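This document starts with one chain, in the form predicted alone, laid out as C-alpha coordinates.
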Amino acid sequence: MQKRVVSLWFPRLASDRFLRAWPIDAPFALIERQNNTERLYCLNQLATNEGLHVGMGYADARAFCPNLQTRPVDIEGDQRFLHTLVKWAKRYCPWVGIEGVDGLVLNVTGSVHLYQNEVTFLNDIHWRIERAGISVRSGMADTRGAAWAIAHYGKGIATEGQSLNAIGALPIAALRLDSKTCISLQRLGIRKILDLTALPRSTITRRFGAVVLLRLDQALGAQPEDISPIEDPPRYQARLNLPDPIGLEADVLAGTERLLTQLCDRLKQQEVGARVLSLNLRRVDRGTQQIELRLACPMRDPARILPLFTRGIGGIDAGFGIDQLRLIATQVERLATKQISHTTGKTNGHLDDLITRIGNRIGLENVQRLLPADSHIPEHSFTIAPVAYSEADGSWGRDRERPIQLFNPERIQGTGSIPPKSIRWRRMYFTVGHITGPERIAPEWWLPDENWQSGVRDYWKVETNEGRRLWMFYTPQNPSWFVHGEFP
(Lines give C-alpha, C1' and ligand atoms only; values in the text may rest on other atoms or scores of the structure.)
Protein backbone atom coordinates (compact mmCIF):
# COMPACT_ATOMS: atom_id res chain seq x y z
CA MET A 1 0.00 0.00 0.00
CA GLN A 2 1.36 3.39 -1.02
CA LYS A 3 2.04 5.74 1.88
CA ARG A 4 -0.13 8.86 1.90
CA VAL A 5 0.52 11.96 4.02
CA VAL A 6 -1.66 15.01 4.66
CA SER A 7 -0.20 18.34 5.75
CA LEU A 8 -2.52 20.88 7.38
CA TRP A 9 -1.35 24.49 7.67
CA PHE A 10 -3.24 27.06 9.74
CA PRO A 11 -1.85 30.37 8.42
CA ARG A 12 -3.82 32.48 10.92
CA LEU A 13 -3.97 30.10 13.85
CA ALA A 14 -3.24 32.65 16.61
CA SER A 15 -5.64 35.33 15.37
CA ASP A 16 -8.37 32.80 14.52
CA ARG A 17 -8.16 31.37 18.04
CA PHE A 18 -8.55 34.83 19.56
CA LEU A 19 -11.39 35.89 17.25
CA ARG A 20 -13.33 32.70 17.95
CA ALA A 21 -13.71 33.87 21.56
CA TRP A 22 -13.86 37.66 21.00
CA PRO A 23 -15.09 38.46 17.46
CA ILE A 24 -13.88 41.77 16.01
CA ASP A 25 -15.27 43.04 12.72
CA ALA A 26 -12.25 45.19 11.86
CA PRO A 27 -8.60 44.79 10.86
CA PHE A 28 -7.02 42.83 13.71
CA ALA A 29 -3.51 41.68 14.56
CA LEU A 30 -1.67 40.06 17.43
CA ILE A 31 1.58 41.75 18.36
CA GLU A 32 4.80 40.35 19.79
CA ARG A 33 7.69 42.24 21.38
CA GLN A 34 10.98 41.52 19.59
CA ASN A 35 14.23 43.28 20.48
CA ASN A 36 12.42 46.08 22.30
CA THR A 37 10.11 46.59 19.30
CA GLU A 38 6.49 45.58 18.88
CA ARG A 39 5.85 43.75 15.62
CA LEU A 40 2.83 42.10 14.03
CA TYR A 41 2.72 38.38 14.79
CA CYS A 42 -0.53 37.18 13.20
CA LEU A 43 -3.25 39.01 11.21
CA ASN A 44 -6.79 38.40 10.12
CA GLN A 45 -7.87 38.66 6.48
CA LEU A 46 -9.11 42.25 6.84
CA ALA A 47 -5.70 43.38 8.08
CA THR A 48 -3.98 41.57 5.21
CA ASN A 49 -6.27 43.33 2.73
CA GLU A 50 -5.05 46.67 4.14
CA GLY A 51 -1.49 45.81 3.07
CA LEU A 52 -0.18 44.71 6.48
CA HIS A 53 2.07 41.69 6.86
CA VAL A 54 3.68 39.57 9.56
CA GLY A 55 6.85 41.10 11.02
CA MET A 56 5.78 44.66 10.27
CA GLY A 57 6.43 47.23 12.99
CA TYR A 58 3.42 48.21 15.05
CA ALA A 59 3.97 51.93 14.50
CA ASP A 60 4.19 51.46 10.73
CA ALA A 61 1.07 49.30 10.76
CA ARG A 62 -0.94 51.98 12.59
CA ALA A 63 0.23 54.54 10.03
CA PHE A 64 -1.08 52.35 7.18
CA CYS A 65 -4.24 51.30 9.03
CA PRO A 66 -5.37 53.71 11.79
CA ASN A 67 -8.36 51.52 12.81
CA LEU A 68 -6.17 48.45 13.41
CA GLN A 69 -7.19 46.53 16.54
CA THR A 70 -4.37 44.71 18.36
CA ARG A 71 -3.85 42.40 21.30
CA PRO A 72 -0.68 40.80 22.75
CA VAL A 73 0.04 37.28 21.52
CA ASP A 74 -0.31 34.26 23.82
CA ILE A 75 2.14 31.73 22.38
CA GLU A 76 1.58 29.16 25.13
CA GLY A 77 -2.17 29.35 24.61
CA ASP A 78 -1.71 28.85 20.87
CA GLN A 79 0.36 25.73 21.47
CA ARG A 80 -2.27 24.32 23.81
CA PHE A 81 -4.87 24.97 21.14
CA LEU A 82 -2.68 23.23 18.55
CA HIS A 83 -2.47 20.17 20.82
CA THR A 84 -6.26 20.26 21.02
CA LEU A 85 -6.38 20.13 17.22
CA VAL A 86 -4.11 17.07 17.37
CA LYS A 87 -6.74 15.26 19.43
CA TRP A 88 -9.44 16.36 16.99
CA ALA A 89 -7.42 15.17 13.96
CA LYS A 90 -7.24 11.66 15.39
CA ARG A 91 -10.77 11.15 14.15
CA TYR A 92 -9.19 10.71 10.69
CA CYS A 93 -6.13 8.62 11.60
CA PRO A 94 -4.24 7.57 14.72
CA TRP A 95 -0.86 8.90 13.51
CA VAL A 96 -0.89 12.71 13.97
CA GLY A 97 2.11 14.95 14.58
CA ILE A 98 2.82 18.67 14.92
CA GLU A 99 4.47 20.58 12.07
CA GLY A 100 6.18 23.73 13.39
CA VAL A 101 4.02 26.12 15.40
CA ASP A 102 1.00 26.29 13.10
CA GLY A 103 0.57 22.97 11.33
CA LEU A 104 -0.25 19.28 11.60
CA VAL A 105 0.94 16.26 9.65
CA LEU A 106 -1.19 13.09 9.32
CA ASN A 107 -0.21 9.66 8.09
CA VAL A 108 -3.52 8.70 6.46
CA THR A 109 -2.34 5.47 4.84
CA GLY A 110 -5.25 3.05 5.03
CA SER A 111 -7.73 5.68 6.26
CA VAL A 112 -8.78 7.41 3.03
CA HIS A 113 -11.03 4.58 1.86
CA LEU A 114 -13.39 5.36 4.76
CA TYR A 115 -14.31 8.59 2.93
CA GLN A 116 -14.72 7.14 -0.59
CA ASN A 117 -11.77 9.03 -2.10
CA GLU A 118 -9.04 11.52 -1.28
CA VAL A 119 -11.01 14.56 -2.47
CA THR A 120 -13.91 13.73 -0.17
CA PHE A 121 -11.44 13.11 2.62
CA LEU A 122 -9.85 16.56 2.37
CA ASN A 123 -13.21 18.26 1.83
CA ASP A 124 -14.47 16.82 5.09
CA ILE A 125 -11.39 18.15 6.93
CA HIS A 126 -11.82 21.63 5.42
CA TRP A 127 -15.54 21.74 6.15
CA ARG A 128 -15.16 20.86 9.81
CA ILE A 129 -12.20 23.16 10.48
CA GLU A 130 -13.63 26.16 8.63
CA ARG A 131 -16.96 25.68 10.39
CA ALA A 132 -15.04 26.18 13.64
CA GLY A 133 -13.75 29.54 12.36
CA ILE A 134 -10.18 28.45 11.57
CA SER A 135 -8.46 29.06 8.24
CA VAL A 136 -6.66 26.02 6.81
CA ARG A 137 -4.68 24.99 3.77
CA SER A 138 -3.92 21.36 3.01
CA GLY A 139 -1.83 19.16 0.81
CA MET A 140 -1.75 15.40 0.20
CA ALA A 141 1.17 13.47 -1.27
CA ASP A 142 3.31 10.37 -0.87
CA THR A 143 5.83 12.13 1.38
CA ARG A 144 5.76 14.58 4.24
CA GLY A 145 7.92 17.09 2.37
CA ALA A 146 5.75 17.08 -0.76
CA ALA A 147 2.55 17.44 1.29
CA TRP A 148 4.07 20.39 3.18
CA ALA A 149 5.11 22.05 -0.07
CA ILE A 150 1.63 21.72 -1.58
CA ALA A 151 -0.06 23.02 1.59
CA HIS A 152 2.17 26.13 1.81
CA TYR A 153 2.88 26.95 -1.84
CA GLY A 154 0.47 24.95 -3.95
CA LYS A 155 -2.98 23.46 -3.91
CA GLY A 156 -4.58 20.08 -4.42
CA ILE A 157 -3.52 16.46 -4.21
CA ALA A 158 -0.42 14.84 -5.66
CA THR A 159 -1.16 11.63 -7.54
CA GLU A 160 0.53 8.52 -6.18
CA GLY A 161 4.08 8.26 -7.45
CA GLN A 162 3.94 11.73 -9.07
CA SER A 163 5.41 13.93 -6.34
CA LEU A 164 7.89 15.65 -8.66
CA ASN A 165 5.17 16.59 -11.14
CA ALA A 166 3.10 18.07 -8.29
CA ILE A 167 5.85 20.16 -6.68
CA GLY A 168 8.27 20.74 -9.58
CA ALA A 169 6.82 24.15 -10.45
CA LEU A 170 6.82 25.35 -6.83
CA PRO A 171 9.49 27.77 -5.55
CA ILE A 172 12.67 26.58 -3.82
CA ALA A 173 11.31 27.69 -0.43
CA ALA A 174 8.78 24.84 -0.66
CA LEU A 175 11.61 22.43 0.26
CA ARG A 176 11.65 23.87 3.82
CA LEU A 177 15.02 25.57 3.31
CA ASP A 178 16.15 28.63 5.27
CA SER A 179 15.86 32.04 3.66
CA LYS A 180 19.64 32.47 3.26
CA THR A 181 19.95 29.27 1.20
CA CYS A 182 16.90 30.19 -0.90
CA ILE A 183 18.35 33.60 -1.73
CA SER A 184 21.68 32.04 -2.74
CA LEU A 185 19.93 29.57 -5.06
CA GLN A 186 17.78 32.29 -6.61
CA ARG A 187 20.86 34.37 -7.41
CA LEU A 188 22.10 31.44 -9.49
CA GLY A 189 18.82 31.32 -11.38
CA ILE A 190 17.44 28.31 -9.52
CA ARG A 191 13.93 29.46 -8.65
CA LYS A 192 11.89 26.25 -8.91
CA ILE A 193 12.31 22.75 -7.54
CA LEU A 194 12.47 21.39 -11.08
CA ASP A 195 15.49 23.65 -11.76
CA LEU A 196 17.27 22.14 -8.78
CA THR A 197 16.79 18.56 -9.97
CA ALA A 198 18.56 19.41 -13.23
CA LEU A 199 21.84 20.32 -11.47
CA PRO A 200 24.60 17.78 -10.69
CA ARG A 201 24.23 16.52 -7.13
CA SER A 202 27.92 16.85 -6.38
CA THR A 203 27.82 20.54 -7.29
CA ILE A 204 24.87 21.18 -4.97
CA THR A 205 26.51 19.40 -2.06
CA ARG A 206 29.85 21.13 -2.53
CA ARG A 207 28.35 24.62 -2.60
CA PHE A 208 25.31 24.45 -0.30
CA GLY A 209 25.97 21.46 1.91
CA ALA A 210 23.98 18.25 2.34
CA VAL A 211 20.79 19.84 3.69
CA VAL A 212 19.52 20.94 0.24
CA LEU A 213 19.73 17.44 -1.23
CA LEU A 214 18.33 15.95 1.96
CA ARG A 215 15.20 18.10 1.74
CA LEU A 216 14.86 17.33 -1.97
CA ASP A 217 15.18 13.59 -1.44
CA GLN A 218 12.71 13.68 1.44
CA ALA A 219 10.16 15.49 -0.70
CA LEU A 220 10.61 13.01 -3.58
CA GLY A 221 10.65 9.91 -1.36
CA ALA A 222 14.33 8.96 -1.85
CA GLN A 223 14.99 9.57 1.85
CA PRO A 224 12.54 8.45 4.57
CA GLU A 225 11.06 11.03 6.94
CA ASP A 226 9.20 9.87 9.99
CA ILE A 227 6.15 11.44 11.58
CA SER A 228 6.43 11.64 15.34
CA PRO A 229 2.93 11.45 16.82
CA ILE A 230 1.98 13.27 19.99
CA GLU A 231 1.98 10.81 22.84
CA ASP A 232 -1.24 10.46 24.78
CA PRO A 233 -0.89 11.41 28.45
CA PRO A 234 -0.57 8.39 30.74
CA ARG A 235 -3.76 7.13 32.35
CA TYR A 236 -3.56 6.14 35.98
CA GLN A 237 -6.28 3.64 36.76
CA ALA A 238 -6.79 0.13 38.08
CA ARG A 239 -9.78 -2.20 37.78
CA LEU A 240 -10.95 -5.22 39.75
CA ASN A 241 -13.62 -7.60 38.41
CA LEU A 242 -15.25 -9.78 41.06
CA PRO A 243 -16.55 -13.31 40.37
CA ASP A 244 -19.16 -12.91 43.12
CA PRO A 245 -20.91 -9.65 44.03
CA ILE A 246 -19.99 -7.94 47.30
CA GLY A 247 -21.91 -5.48 49.43
CA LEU A 248 -20.23 -5.22 52.82
CA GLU A 249 -18.24 -2.09 53.61
CA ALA A 250 -15.24 -4.17 54.73
CA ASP A 251 -15.20 -6.03 51.38
CA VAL A 252 -15.31 -2.80 49.39
CA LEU A 253 -12.47 -1.39 51.49
CA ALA A 254 -10.42 -4.53 50.90
CA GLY A 255 -10.95 -4.25 47.14
CA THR A 256 -10.09 -0.55 47.23
CA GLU A 257 -6.88 -1.38 49.08
CA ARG A 258 -5.80 -3.75 46.31
CA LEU A 259 -6.52 -1.12 43.67
CA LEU A 260 -4.67 1.56 45.62
CA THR A 261 -1.58 -0.63 45.83
CA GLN A 262 -1.53 -1.11 42.05
CA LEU A 263 -2.26 2.52 41.30
CA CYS A 264 0.31 3.95 43.73
CA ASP A 265 3.02 1.66 42.33
CA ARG A 266 2.48 3.21 38.91
CA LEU A 267 2.41 6.70 40.37
CA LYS A 268 5.79 6.05 41.99
CA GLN A 269 7.24 4.87 38.69
CA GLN A 270 6.16 8.13 37.03
CA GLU A 271 7.20 10.23 40.08
CA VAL A 272 3.78 11.82 40.43
CA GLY A 273 1.16 11.96 43.15
CA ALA A 274 -2.62 11.85 42.96
CA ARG A 275 -4.62 14.99 43.68
CA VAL A 276 -8.11 13.72 42.83
CA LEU A 277 -9.17 10.07 42.98
CA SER A 278 -12.40 8.63 41.66
CA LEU A 279 -13.67 5.24 42.83
CA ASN A 280 -16.36 3.82 40.52
CA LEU A 281 -18.45 0.90 41.78
CA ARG A 282 -20.55 -1.05 39.28
CA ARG A 283 -23.53 -2.96 40.61
CA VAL A 284 -24.99 -6.14 39.16
CA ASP A 285 -28.04 -4.20 37.98
CA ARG A 286 -25.64 -2.03 35.88
CA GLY A 287 -26.09 0.93 38.17
CA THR A 288 -22.98 2.83 39.24
CA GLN A 289 -21.81 4.53 42.41
CA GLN A 290 -19.00 7.08 42.34
CA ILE A 291 -16.87 8.33 45.20
CA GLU A 292 -14.57 11.28 44.53
CA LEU A 293 -11.73 12.03 46.92
CA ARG A 294 -9.91 15.35 46.64
CA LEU A 295 -6.58 15.36 48.46
CA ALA A 296 -5.01 18.34 50.19
CA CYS A 297 -1.59 17.47 48.72
CA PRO A 298 -0.29 15.04 46.08
CA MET A 299 -0.18 11.54 47.59
CA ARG A 300 0.86 8.05 46.53
CA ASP A 301 0.88 6.22 49.88
CA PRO A 302 -1.90 3.58 50.03
CA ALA A 303 -1.78 3.43 53.81
CA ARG A 304 -2.63 7.13 54.09
CA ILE A 305 -5.18 7.30 51.27
CA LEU A 306 -7.29 4.26 52.22
CA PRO A 307 -8.69 5.65 55.52
CA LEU A 308 -9.79 8.77 53.66
CA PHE A 309 -12.16 6.65 51.55
CA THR A 310 -13.94 5.28 54.65
CA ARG A 311 -16.58 8.01 54.87
CA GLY A 312 -17.47 7.82 51.19
CA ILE A 313 -17.64 4.04 51.09
CA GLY A 314 -19.85 4.01 54.17
CA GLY A 315 -22.53 5.98 52.34
CA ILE A 316 -22.80 3.87 49.15
CA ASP A 317 -25.87 1.89 48.13
CA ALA A 318 -24.64 -1.56 47.05
CA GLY A 319 -28.06 -2.68 45.83
CA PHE A 320 -27.94 -6.39 44.92
CA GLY A 321 -24.15 -6.35 45.01
CA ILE A 322 -21.07 -4.82 43.40
CA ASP A 323 -19.21 -6.81 40.76
CA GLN A 324 -16.58 -4.30 39.57
CA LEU A 325 -14.37 -1.67 41.20
CA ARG A 326 -12.39 0.88 39.20
CA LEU A 327 -10.04 3.46 40.71
CA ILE A 328 -8.89 6.42 38.57
CA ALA A 329 -6.47 9.23 39.39
CA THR A 330 -8.23 12.00 37.47
CA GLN A 331 -5.71 14.67 38.48
CA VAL A 332 -2.03 14.15 39.25
CA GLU A 333 0.90 16.41 40.08
CA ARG A 334 4.63 15.81 39.87
CA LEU A 335 6.32 15.11 43.19
CA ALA A 336 9.86 16.35 43.61
CA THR A 337 12.39 13.89 44.96
CA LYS A 338 13.42 14.81 48.52
CA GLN A 339 16.60 13.82 50.32
CA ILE A 340 15.90 12.17 53.68
CA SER A 341 18.58 12.47 56.35
CA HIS A 342 18.87 11.98 60.09
CA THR A 343 17.88 15.63 60.62
CA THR A 344 15.00 15.88 58.13
CA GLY A 345 13.00 12.69 58.10
CA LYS A 346 9.61 11.85 56.73
CA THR A 347 6.63 13.90 57.87
CA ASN A 348 3.63 11.99 59.18
CA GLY A 349 1.19 14.01 57.06
CA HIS A 350 -1.50 14.11 59.77
CA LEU A 351 -2.27 17.76 59.04
CA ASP A 352 -2.75 17.08 55.31
CA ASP A 353 -5.05 14.16 56.10
CA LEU A 354 -7.11 16.35 58.42
CA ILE A 355 -7.41 19.04 55.75
CA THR A 356 -8.50 16.37 53.26
CA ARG A 357 -11.23 15.10 55.59
CA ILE A 358 -12.53 18.60 56.28
CA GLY A 359 -12.15 19.73 52.68
CA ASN A 360 -14.19 16.85 51.27
CA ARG A 361 -17.07 17.97 53.48
CA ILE A 362 -16.98 21.75 53.05
CA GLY A 363 -14.72 22.08 49.99
CA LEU A 364 -10.94 22.28 49.87
CA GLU A 365 -11.14 25.92 48.73
CA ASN A 366 -12.87 26.84 52.01
CA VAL A 367 -9.98 25.63 54.21
CA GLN A 368 -7.70 28.66 54.06
CA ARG A 369 -4.53 30.02 55.59
CA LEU A 370 -2.90 33.43 56.00
CA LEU A 371 0.34 34.05 54.13
CA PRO A 372 2.70 36.96 54.75
CA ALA A 373 2.86 39.66 52.08
CA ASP A 374 5.56 42.25 51.43
CA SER A 375 3.72 45.38 52.56
CA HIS A 376 3.89 47.72 55.57
CA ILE A 377 0.16 48.50 55.29
CA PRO A 378 -1.68 46.45 57.95
CA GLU A 379 -4.52 45.44 55.61
CA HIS A 380 -2.06 44.38 52.89
CA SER A 381 0.49 42.55 55.05
CA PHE A 382 -1.17 39.18 54.47
CA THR A 383 -3.03 37.23 51.81
CA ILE A 384 -5.62 34.48 52.15
CA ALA A 385 -5.09 31.29 50.11
CA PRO A 386 -6.52 27.74 50.20
CA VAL A 387 -4.31 25.48 52.29
CA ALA A 388 -4.48 22.67 49.73
CA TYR A 389 -3.06 24.83 46.93
CA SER A 390 -0.46 26.88 48.78
CA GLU A 391 2.54 26.37 51.01
CA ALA A 392 3.46 28.16 54.21
CA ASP A 393 6.32 30.13 52.69
CA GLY A 394 7.84 33.28 54.06
CA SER A 395 8.08 34.54 57.63
CA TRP A 396 6.09 37.05 59.65
CA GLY A 397 7.93 40.19 60.72
CA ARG A 398 8.62 40.52 64.45
CA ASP A 399 9.90 44.11 64.55
CA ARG A 400 6.45 45.59 65.28
CA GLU A 401 3.65 44.08 67.33
CA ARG A 402 0.43 43.77 65.39
CA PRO A 403 -3.07 42.89 66.65
CA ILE A 404 -4.45 39.45 65.89
CA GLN A 405 -7.92 40.85 65.21
CA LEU A 406 -8.09 43.49 62.47
CA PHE A 407 -11.33 45.11 61.28
CA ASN A 408 -12.45 48.13 59.25
CA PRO A 409 -11.49 51.42 60.95
CA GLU A 410 -14.24 52.58 63.31
CA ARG A 411 -14.42 56.29 64.14
CA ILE A 412 -14.43 57.42 67.79
CA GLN A 413 -14.61 60.84 69.43
CA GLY A 414 -11.32 62.53 70.27
CA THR A 415 -9.29 65.69 69.80
CA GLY A 416 -5.58 66.30 69.59
CA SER A 417 -2.81 64.00 68.44
CA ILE A 418 -2.61 62.13 71.81
CA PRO A 419 -5.18 59.39 72.60
CA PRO A 420 -8.02 60.77 74.77
CA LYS A 421 -8.26 59.81 78.43
CA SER A 422 -11.64 58.15 77.93
CA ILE A 423 -13.22 56.74 74.80
CA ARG A 424 -16.61 55.44 73.75
CA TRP A 425 -16.39 52.52 71.33
CA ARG A 426 -19.15 50.10 70.32
CA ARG A 427 -21.52 51.57 72.93
CA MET A 428 -18.96 50.90 75.67
CA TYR A 429 -16.94 53.39 77.73
CA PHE A 430 -13.25 52.81 78.42
CA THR A 431 -10.68 54.63 80.48
CA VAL A 432 -7.20 54.78 78.99
CA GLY A 433 -4.54 53.38 81.31
CA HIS A 434 -1.34 53.12 79.29
CA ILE A 435 -0.42 54.15 75.75
CA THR A 436 2.49 53.23 73.48
CA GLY A 437 3.36 55.09 70.30
CA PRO A 438 3.06 56.68 67.93
CA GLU A 439 4.08 54.58 64.91
CA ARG A 440 3.62 56.52 61.70
CA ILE A 441 2.60 54.49 58.61
CA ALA A 442 2.53 56.16 55.21
CA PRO A 443 0.31 54.94 52.35
CA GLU A 444 1.75 53.08 49.37
CA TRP A 445 1.42 55.71 46.64
CA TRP A 446 2.09 53.15 43.90
CA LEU A 447 -0.97 51.09 44.94
CA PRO A 448 -4.20 53.12 44.99
CA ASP A 449 -6.31 52.39 48.07
CA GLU A 450 -9.46 54.34 48.89
CA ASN A 451 -9.09 53.60 52.61
CA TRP A 452 -5.72 55.38 52.70
CA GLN A 453 -6.65 58.54 50.81
CA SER A 454 -6.55 60.49 54.08
CA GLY A 455 -2.73 60.21 54.08
CA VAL A 456 -0.40 59.07 56.85
CA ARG A 457 -1.63 57.48 60.06
CA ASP A 458 -0.18 57.63 63.59
CA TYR A 459 -0.87 54.30 65.33
CA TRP A 460 -1.09 53.90 69.11
CA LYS A 461 -1.33 50.84 71.28
CA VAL A 462 -3.88 51.69 73.98
CA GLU A 463 -4.39 49.61 77.11
CA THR A 464 -7.62 50.37 78.96
CA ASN A 465 -8.34 49.93 82.65
CA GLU A 466 -11.22 47.64 81.70
CA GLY A 467 -8.78 45.09 80.18
CA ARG A 468 -9.25 45.80 76.46
CA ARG A 469 -6.10 46.43 74.41
CA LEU A 470 -6.92 48.48 71.32
CA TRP A 471 -4.95 49.54 68.26
CA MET A 472 -5.94 53.10 67.37
CA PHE A 473 -4.70 55.61 64.83
CA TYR A 474 -4.89 59.35 64.29
CA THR A 475 -5.00 61.06 60.87
CA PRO A 476 -3.13 64.40 60.98
CA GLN A 477 -4.36 65.62 57.56
CA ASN A 478 -8.00 65.23 58.60
CA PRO A 479 -7.92 65.17 62.42
CA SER A 480 -9.87 62.10 63.45
CA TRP A 481 -9.46 59.04 65.68
CA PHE A 482 -10.21 55.43 64.67
CA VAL A 483 -10.00 51.97 66.23
CA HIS A 484 -8.44 49.54 63.77
CA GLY A 485 -7.75 46.38 65.74
CA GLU A 486 -7.61 44.64 69.09
CA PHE A 487 -4.79 42.78 70.81
CA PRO A 488 -5.51 39.54 72.70
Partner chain sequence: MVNATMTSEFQKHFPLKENRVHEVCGPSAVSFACAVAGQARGTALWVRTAWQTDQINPLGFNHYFDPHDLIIAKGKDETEVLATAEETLRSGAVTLAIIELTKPIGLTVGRRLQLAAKTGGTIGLCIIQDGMGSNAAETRWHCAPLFDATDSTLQRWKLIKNKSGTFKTWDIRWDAETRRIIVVSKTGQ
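In this text, the rigid core denotes the largest set of C-alpha atoms whose superposition between the two forms falls within 1.5 Å. Small disclaimer: the values here were computed from a predicted structure and weren't measured. Residue numbers count along the first chain shown, from 1.
Keep in mind that the form predicted together with the partner chain is missing from the display, and what follows is about it.
task = May I ask whether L354, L370 and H434 each come within 4.5 Å of the partner chain in the predicted complex, counting any non-hydrogen atom?
result = Yes, because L354, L370 and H434 each have a heavy atom that approaches the partner chain to within 4.5 Å in the predicted complex.
| query | If you check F81, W95, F382, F208 against the partner chain in the predicted complex, which one has a heavy atom within 4.5 Å? | reply | So the residue touching the partner chain in the predicted complex, by this definition, is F382.
* To do: Name the single residue among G314, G247, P403, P234 that comes within 4.5 Å of the partner chain in the predicted complex, judging by heavy atoms.
  => Looking at the other structure, the residue within range turns out to be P403.
For the chain shown here without its partner, which stretch in 40-48, 62-70, 425-433, 445-453 has non-hydrogen atoms within 4.5 angstroms of the partner chain in the predicted complex? Answer to the contact question: 425-433.
**Prompt:** Do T120 and the partner chain come within 4.5 Å of each other in the predicted complex, heavy atoms counted?
**Reply:** Taking the distances in the predicted complex, the answer for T120 is no, it never comes within 4.5 Å of the partner chain.
- Closest heavy atom of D226 to the partner chain in the predicted complex, within 4.5 Å or not? Looking in the predicted complex, residue contacts with the partner chain do not include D226, since no heavy atom lies within 4.5 Å.
Exercise for the section: Please check if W127 has a heavy atom lying within 4.5 Å of any heavy atom of the partner chain in the predicted complex. Expected result: Contact check for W127: no, nothing within 4.5 Å of the partner chain in the predicted complex.
Can you tell me whether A392 touches the partner chain? I mean in the predicted complex, with a 4.5 angstroms heavy atom cut-off.
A392: contacts the partner chain in the predicted complex.
Rigid core superposed, CA of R304 - does it shift 2 Å or more between the shown form and the other one? Comparing forms between the shown form and the other one, the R304 CA shifts at least 2 Å.
Practice problem: For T37, state whether the C-alpha moves by 2 Å or more between the shown form and the other one after rigid core superposition. | Solution: Shift of 2 Å or more: no.
*Under a superposition restricted to the rigid core, does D374 display a Cα displacement of 2 angstroms or more between the shown form and the other one?*
Result for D374: yes, a 2 Å-plus shift.
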